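Subsequent text provides structure tokens for two forms of one protein chain, presented individually as structure 1 and structure 2.
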Structure 1
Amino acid sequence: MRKFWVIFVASILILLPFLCSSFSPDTPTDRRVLVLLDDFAIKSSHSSYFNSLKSRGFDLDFKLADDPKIALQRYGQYLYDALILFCPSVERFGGSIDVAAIINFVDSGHDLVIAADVNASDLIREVATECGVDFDEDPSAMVIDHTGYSVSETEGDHTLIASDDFIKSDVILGSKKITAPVLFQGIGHSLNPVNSLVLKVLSASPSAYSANPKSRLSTPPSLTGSAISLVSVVQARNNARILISGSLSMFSNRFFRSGVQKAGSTTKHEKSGNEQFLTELSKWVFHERGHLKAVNVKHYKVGETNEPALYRINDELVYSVEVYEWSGSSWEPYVADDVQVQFYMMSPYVLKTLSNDKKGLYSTSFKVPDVYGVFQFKVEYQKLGYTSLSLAKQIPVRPYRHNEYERFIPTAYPYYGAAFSTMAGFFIFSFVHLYNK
């Protein structure tokens, strides 16, 4: 093991120059994943999930959460592209990892998967809070749903929930519809509605609430109804993606395999939707889907090809940009009809939808407004599930030069006439006045 470790570090060191940025522009998909576990039993009990990751080419590195040797970075370079926290009960991470380290890991553009559970530790809650997700503060509370539970042989306490309230996004959950409900057993969390970065992927039904199933409910539960989110994702401003689930067991082989029948429903599914749901979600979280890049921003005057240093007011110009989407293995043209460009100076003076040629090239042409100043070509493309594109290119717009105005204006001909006739008249007058004697 130790030898392997040395080799691993050595290979990392050799690869260091190539691993400097997390999403290299060529392949945004993560490769090296650190999995922190409470105990190694999870490795086998959740092997289906891990195997699906491995089969897609991920390099999983399993460690105990309190292993004193774990580290996210070495010599200022991150050793991993993503982190999976399957350690809901850990009170302190081993090694150099703490909340700040994890947050920095995310802030430098890496991905994170957090699975909490009943009695989730403060540490895990804190990480979740930093990401914008608030778990129910009652440590023993679980999500209970007396109408949306999963029918099973034993009449339980209705904490095993079958939910099919997914987010409607093909980008996040894949284009294939998830037919079977997803089994969930764990704690719920709430999102701040003003937080635009966090999305509720799987939400509880309106009849759900969060409380301790073992004790009587004395006060109204703090979290109720569809305000409870079961699984959420966060896409940070730097496009790092975070998956937060209130249940670790939903990743387990047992839940993956078990059949499901939602209470009140007659259809019994042979297999729960967990596997499809979580696999598709992991594709999104690890940037196998929904990752856009914009390249080759060009602008030029109509009829020219070179990019000018500045435009003149009322010039006709062409703006084009190529947008590609990462398919998991290659960059494919991104096709959409809602990419817009702004010609912006404190407020957009021109707002135009770009037309695309289905090969990734988006372009439009417009007339520079009759206002001079320092403008920007701005593309702010934020679409559900996709990484946000934010392009800004500064371009000054100058007024007419002194010799670009019209020399003779037709409406001014009376004035020209007046000026010249006055001159002629004065000349004649002087001539007559001087030589008339």
Structure 2
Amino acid sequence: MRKFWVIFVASILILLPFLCSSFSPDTPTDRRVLVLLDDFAIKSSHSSYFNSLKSRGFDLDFKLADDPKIALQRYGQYLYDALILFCPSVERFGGSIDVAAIINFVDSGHDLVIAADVNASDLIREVATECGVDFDEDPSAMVIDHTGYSVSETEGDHTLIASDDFIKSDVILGSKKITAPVLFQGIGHSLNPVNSLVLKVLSASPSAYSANPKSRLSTPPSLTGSAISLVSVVQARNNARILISGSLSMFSNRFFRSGVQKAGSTTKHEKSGNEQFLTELSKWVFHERGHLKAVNVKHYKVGETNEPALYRINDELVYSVEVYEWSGSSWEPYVADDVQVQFYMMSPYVLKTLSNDKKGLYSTSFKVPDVYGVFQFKVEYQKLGYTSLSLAKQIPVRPYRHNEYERFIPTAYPYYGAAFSTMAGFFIFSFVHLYNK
């Protein structure tokens, strides 16, 4: 009996990576998330944010960042589909996790959330740099705004900022407008100009700057104005998504429940916009919104239904594809008017915008160009906030066979006439020349 239990436990350990819930193209929301913390106290102080994720079906696994037993993968299989780093002060990760392991995790198509703070370690800064953003090099610097701060009973040093400069994208922040400013207290970062995949989701005001609030400025600050990003996102080319915030406090229950009044404004909001902002943003980061899939790619000749092995020049053909968007619980038809298909060989010979039937089906028809060779149907769809679609299907195009040309080509009638008139003229000339005395 004891031998049986040993075999059973060993089998479970081997199959564990395959039994855990994982990212699936069919159900992108059914996922396990590893949450690394500096202290387990963060689990309770930031419980509102975590409960929001749990209520939407996420399985959160909380670990200390320096736990020697933590690992992202086992037996070559990833145990988690997303990683949340709420450990700004960690100097070294435990177990087999390091910067390279985290970058490989993202390169494999998994998602990442990074929350830094004033005491951000070099390790967290390095991870952020690898993702395309650079935190202020001054370890004591914070974002300060003397005109866009949050009004409080104590004047303070104006590091508690009330920001409402959001990215204009319904797919990233949801269609419902965020009316209350978001409270932010932490460090700012700048975007790497070489990295075109990074987007500022929450920006500082033009009057903000990054400096040590406890000392006077002796030199101009390196980060100023709207160039300071408070919260940024990245969508990699493999559709992995990354959220980078310079404030861990903005995820806290205290900031979620606090009232807010922006300096210079008479409007006082009973509740900050943090909860709505971060909840909607998490839906995008974890692919509950803006996740597209394309299915049933078809092409065929007009009047037929079967897909041919090749086309002939000047054939009339139909191309169609179905595109759906994940709504968080089911796939819904994606409706847009900017999906295009290319008929491509070295360069696009045909570029057509696909029409849709509001039910997810996109289609168009066109004539095969009068050029033969190996072509491709290509759909390269990239839109702000949405996962990219890259579809390619190869098809050869042949010329007419010798017996498929028209017997008499109308455009050649002048040449036919010239030939026959020459023959007739030669006959008449020969007759006159031979029989004229």
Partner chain sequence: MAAPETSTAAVPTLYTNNTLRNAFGGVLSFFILLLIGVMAFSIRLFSVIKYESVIHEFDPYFNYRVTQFLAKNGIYEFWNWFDDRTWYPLGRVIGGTVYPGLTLTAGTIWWLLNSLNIPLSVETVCVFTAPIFSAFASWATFLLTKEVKGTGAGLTAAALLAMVPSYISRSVAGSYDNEAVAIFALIFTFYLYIKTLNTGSLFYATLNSIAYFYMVCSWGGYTFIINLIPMHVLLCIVTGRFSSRLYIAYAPLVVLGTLLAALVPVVGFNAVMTSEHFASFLVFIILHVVAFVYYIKGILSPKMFKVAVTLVVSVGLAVCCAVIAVLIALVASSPTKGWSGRSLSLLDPTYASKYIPIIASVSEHQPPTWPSYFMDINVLAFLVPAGIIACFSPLSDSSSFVVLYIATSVYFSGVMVRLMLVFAPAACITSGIALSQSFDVFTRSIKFQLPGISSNTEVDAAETSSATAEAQNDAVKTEKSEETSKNRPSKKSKKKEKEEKPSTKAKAEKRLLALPLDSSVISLLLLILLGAFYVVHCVWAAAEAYSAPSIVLTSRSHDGLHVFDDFREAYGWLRHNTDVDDKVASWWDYGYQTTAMANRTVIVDNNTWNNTHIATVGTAMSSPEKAAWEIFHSLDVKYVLVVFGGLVGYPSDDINKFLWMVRIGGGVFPHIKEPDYLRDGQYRIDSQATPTMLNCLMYKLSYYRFVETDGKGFDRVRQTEIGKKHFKLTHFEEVFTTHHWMVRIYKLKPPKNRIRGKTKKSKSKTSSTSSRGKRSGSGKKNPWQ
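Here, residue number means position along structure 1's sequence, counting from 1. Everything numeric in this text was worked out from a predicted model, so none of it was measured. We call the rigid core whatever largest set of C-alpha positions still superposes within 1.5 Å between the two forms.
Sort out for me whether 1 or 2 is the form predicted alone.
The form predicted alone is shown as structure 2.
I'd like to know, for the two rigid parts the chain moves as between the two structures, whether K301 shares its part with Y415.
Answer is no, each lies in a different rigid part.
Report the hinge rotation between the two structures as a whole number of degrees, treating the chain as two rigid parts and superposing on C-alpha atoms.
Expressed in whole degrees, the smaller part rotates by 28 degrees between the two structures.
Quick one: CA shift at P410 between the two structures, core fit, Å?
Its alpha carbon moves by 4.5 Å.
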